[in-house]
Structure formats: C-alpha cells, structure tokens
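Before any questions on how it binds or moves, here is one chain, the form predicted on its own, in structure tokens.
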Amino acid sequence: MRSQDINNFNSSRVLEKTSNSLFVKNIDEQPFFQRLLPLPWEIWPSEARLLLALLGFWSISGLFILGSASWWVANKEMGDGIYFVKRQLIWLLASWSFVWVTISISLRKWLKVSKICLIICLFLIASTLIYGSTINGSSRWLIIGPIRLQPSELVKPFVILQAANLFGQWKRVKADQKVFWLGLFGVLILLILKQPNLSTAALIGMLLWLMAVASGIRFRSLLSTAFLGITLGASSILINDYQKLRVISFLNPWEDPEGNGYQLIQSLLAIGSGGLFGEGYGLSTQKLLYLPFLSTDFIFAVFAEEFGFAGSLMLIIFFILIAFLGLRICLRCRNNYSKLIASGCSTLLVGQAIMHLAVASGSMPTTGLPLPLISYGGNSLLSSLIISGLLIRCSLESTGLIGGLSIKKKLS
C-alpha cells in the first residue's frame, strides 16, 4: 500500500510537470490578449472567471448607481450632471489597470513588498495629521497637485498582506518580531482614530482579529485583544463629542430630527419610500438635497429608494455570492499565506459592504464608510479593486501552474 501511494504521488508530480511544460511551451502561441494574462483564460479556475465577471458587472453598475445618486447635486453645484461620474470613470480605468498588475505579480512578491508599503502608508497617515486637508472635521486627505490621496484607504491591501505574513507563520516568528508588527498595527489604528476615522479603524481592527482567528491562533489569546479593541473604540467615542452625538442620535434619531438625527431619518425615509419594487431608476426624491452625503456614505439609501426591497435583496445576494466565491478560493489555496490573503480580501470587501448597509438602515451608528465600487471616491475604488485582484491571484495560484519558482523563471 505504501509503494502504491508513492507511485500515485510520482504520477501526480509527472502530470503537474507535464502541464507546466505545455503551458510554458504554448504561451507564445496564444493571442496577444491571452499573453497579457498570467494564465491562459481556458485554464482559469471557475471561481476566478466568475469573480472577474462579477467585478466587471459591479464596476459598471456602480457607475450607473452613482450617476443617479449624484446627478442632481452635480448639476446644481458643478453645472454638469455627470461631473462625478466622469471623475469616477477615470479612477475606474486606472484602478482596473492596477487589477491587471495585481493578478500578474505573484503572491510571494506581494508579501515581500508589503512590509515597506505598509510602513510608507503609515507615514502618509501620520502626515495627514500635520499636513492633511480637513474636510467635514476629519484630516484624512493629502493634496498632491490635482490628486487627493486618502492613505487610510490605500493601506488596506497591505494590511491584509502583512497580516498574512505575520499570522501565516505565527509559531515560527520570533517574539520581538511579533511585538514589533503587532505594535505597528496598533499604531496604525491609533493614527486612523486620531484623524478621526472610527469606522476605518474599527474595520481594520476587526479584519486583523478575524485573520488571526483564521490562522489558528488560540481563541483564548484573542479574547483580551478583542476586549482591548472594544475599550479603545468606546474611549474614542467618549473623547470625541461628535462620535458621542452620533451614537446618541443612532439610538433615538427622532429626538433631534433637524440636527444630529437628520441624516439617519432621511436615510430611513428613502429606504422606506422604495417599497417593494422601488420608485424607478433616477426617480429618487431624497437625493434632491434632502439626504446628505448621498453619493458616498448613504448611497445605499438612494439605491433602496429607486429599486426597493427587491433590488436591495438582490444586492445582498450579490455580496453573499462574493463571500461564497472568497470562501471557495480560500479552501482551494495551497498554503497558509494564500489562505489568509483570500480570507482577508473576502472579509474586507464583504464586511465593508455590510457595514455600509447597516449604517444606512440604522443598524449601526452613522459612520463615513463607502460602499465598495459604488460610492464616489477614487481611493476607495482603487483599494477595493486591488484587494479584488489579490483574491483573483489567490485563485490562479491555487491551480499550481503559477506562483512556483520554476515557473516564474521560465516565464521571465
């Protein structure tokens, strides 16, 4: 029985080497478009194909949803009804080029550069506290010529990669390295809280915690970390008056309907007005300067008013499908690093979407968290698509045809 197992193993190795050699041999015979892909389209896993198609649909649909939500404000304030759509389209085209770059680079290389990229983003976030542009009471942006950068959005992919670097080999990492990187993650969260940006800080904190759970670290060891995170969030709410007012207004928005509860009440009115099938595309009334931040933090409310309960349910099912694909990719990954990257990417994409829906529907206190690939904002769009590209790359490397050292040498 042992010799039979060895023969089966050798046969599988020969088959894998044969498929690899055929892949390398035939790559020059592929059409030009096929050569731009890290793997020929015919041998892409079904999860990667479906995910790429869903991302394309998500991106295009997001432009239409944004166009409807922002048209009235853009026409009134900018004199151009598609002002925000045109700017978003430029970011979308640039972001999709980064998707191609992301899926073309091996996870091994991404893991190597994640450390320096995370540290650079950390310094950029710290710079926002000194040189940042303050908008709506938060210093989250750096103005560089015509470009407005939000480092707290751009850092998200590198948080996932470095967390996978750390938790993927947790038992082999030295104690001083554990303390250093956990401390760096803590500093990152504190700096984002200082901007202040409680929603992004909470999202990154939960992401790190869930990735640690997925890596197999003892749950008892993580309970104290969870308690510390909850304490930190509560302290931030108590220290910052505007966050405290948001929590109070969330509990009873009708206590101050013209003040702190105004946003949530208008959002709930928009969602309730949608009924079963909605008012129809472009026919929202709450977007006529009643609902604040309707193209960013509350864009779901406009969507729910125009497409109703049926459309909102379809949107939730769409996010469930993304989560299911992420789980399938995670289970097919061949090592701990790629498993953690896949789980982190899925958690961030779907988790941020759920938090956005929860805020708009009054299930969570009001926070500034965009709906991925739909809300207006180039930095959020770029970050979300890079994360999606990493998830596709995890799926491609699960085939075993790319990502290995020998294959990389032959293709280079």
Partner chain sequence: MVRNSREFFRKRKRQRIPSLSPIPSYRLKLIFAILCAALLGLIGRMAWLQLFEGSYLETRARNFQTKRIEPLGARRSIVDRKGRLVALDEKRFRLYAHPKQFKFSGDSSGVIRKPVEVARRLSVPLSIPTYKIVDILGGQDSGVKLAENLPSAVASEVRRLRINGLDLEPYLQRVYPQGDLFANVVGFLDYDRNPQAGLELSLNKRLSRREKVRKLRYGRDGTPLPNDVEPGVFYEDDLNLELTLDARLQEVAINALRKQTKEWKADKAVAIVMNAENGEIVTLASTPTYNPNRYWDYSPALYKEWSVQELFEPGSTFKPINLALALQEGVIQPEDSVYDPGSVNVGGWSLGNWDKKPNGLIDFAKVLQVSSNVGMVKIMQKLSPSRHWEWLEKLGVNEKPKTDLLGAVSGQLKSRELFINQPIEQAVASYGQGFSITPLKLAQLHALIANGGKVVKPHITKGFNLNKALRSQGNLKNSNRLFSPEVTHQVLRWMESVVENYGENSVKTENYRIGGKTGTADQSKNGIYSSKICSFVAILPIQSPRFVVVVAIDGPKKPYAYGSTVAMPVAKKIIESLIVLEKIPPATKNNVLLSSKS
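Positions refer to the first chain, counted from 1. Keep in mind the model is a prediction, meaning the values are calculated, not measured.
Below, we refer to the form predicted in complex with its partner chain, which is not included among the displayed structures.
* To do: Have a look at 174-182, 235-243, 95-103, 286-294 and name the one stretch with heavy atoms inside 4.5 Å of its partner chain in the predicted bound form.
  => Selected range: 286-294.
* Asked: Which listed residue (Tyr83, Tyr281, Phe324, Trp91) meets the criterion of a heavy atom within 4.5 Å of its partner chain in the predicted bound form?
  -> Here the answer is residue option Phe324.
* Asked: Though its partner chain is not shown, can you say which of Ser127, Ser133, Thr225, Gln169 has a heavy atom within 4.5 Å of it in the predicted bound form?
  -> Only one listed residue qualifies here, and that residue is Gln169.
* Please check if Trp254 has a heavy atom lying within 4.5 Å of any heavy atom of its partner chain in the predicted bound form. => Flag for Trp254 set to yes.
* Hey, in the predicted bound form, is Leu203 touching its partner chain, heavy atoms inside 4.5 Å? -> Leu203: no contact with its partner chain in the predicted bound form.
* Examine Pro40 and determine whether its closest non-hydrogen atom to its partner chain in the predicted bound form is within 4.5 angstroms. => It does not: once its partner chain is placed as it appears in the predicted bound form, Pro40 has no heavy atom within 4.5 Å of it.
* Asked: Using heavy atoms and a 4.5 Å limit, would one call Leu357 a contact residue for its partner chain in the predicted bound form?
  -> The answer is yes: Leu357 has a heavy atom within 4.5 Å of its partner chain.
* Asked: Since the partner is left out here, which residues of 297-322 would have a heavy atom within 4.5 Å of its partner chain in the predicted bound form?
  -> Heavy-atom contacts within 4.5 Å come from Phe300, Ala304, Gly308, Phe309, Ser312, Leu313, Ile316, Phe319, Ile320.
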